[in-house]
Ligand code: HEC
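Coming up is one lone chain in structure tokens, specifically the form predicted alone.
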């Protein structure tokens, strides 16, 4: 009986850390307060104005929480994010994730050139982007939204996966981008960043 109770407690603790944020009781007010630090880089309500910094608004909560854990554990490294994430408790990252997931993404105002849009859409289908990121590339669970994301950020991440320098939890992205040329990556990033 004691063994069963210990196993149940261990499983409960494991689930508390790994369940999607929507299942957990996140504190949106605490998330909003903690997010004030993030505004300097990620923009008001998580809408980045910098081409190199991702917008967090409307990203799946589980994706945000997972990435914060990866920064906290040192699996992903960034000069600004790593020190910030080091001090986050699980409740903090769940609160931040819930807050940013609930924010509305400011839609891109630019349009991709028609040739870029056509080739980008074909590449997204050919390389199965829609299989994991969803038919509208809005992300799901631990997989990020690509539609409307900052172009330079997308390009940098894709190049990092191709070079195997970007942390990849299950190797899917590293494998998926190997057949893409740098020109393909630039086209895909341009296409994705203009999606509404």
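Residue numbers count along the first chain shown, from 1. Here the structure is a predicted model, which means the values were calculated and not measured.
What comes next is about the form predicted in complex with ligand HEC, which is not displayed.
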Listed residue that, although ligand HEC is not shown, lies within 4.5 Å of it in the predicted complex (heavy atoms), from 57, 26, 147, 143: 143
Do residue 30 and ligand HEC share at least one heavy atom pair within 4.5 Å in the predicted complex? no
Does the 4.5 Å heavy atom contact test between residue 101 and ligand HEC in the predicted complex come out positive? no
Report whether the minimum heavy atom distance between residue 157 and ligand HEC in the predicted complex is within 4.5 Å. yes
Would residue 78 count as touching ligand HEC in the predicted complex under a 4.5 Å heavy atom rule? yes
What residues of 122-145, in sequence order, lie within 4.5 Å of ligand HEC in the predicted complex by heavy atom? 127, 128, 129, 132, 133, 142, 143, 144
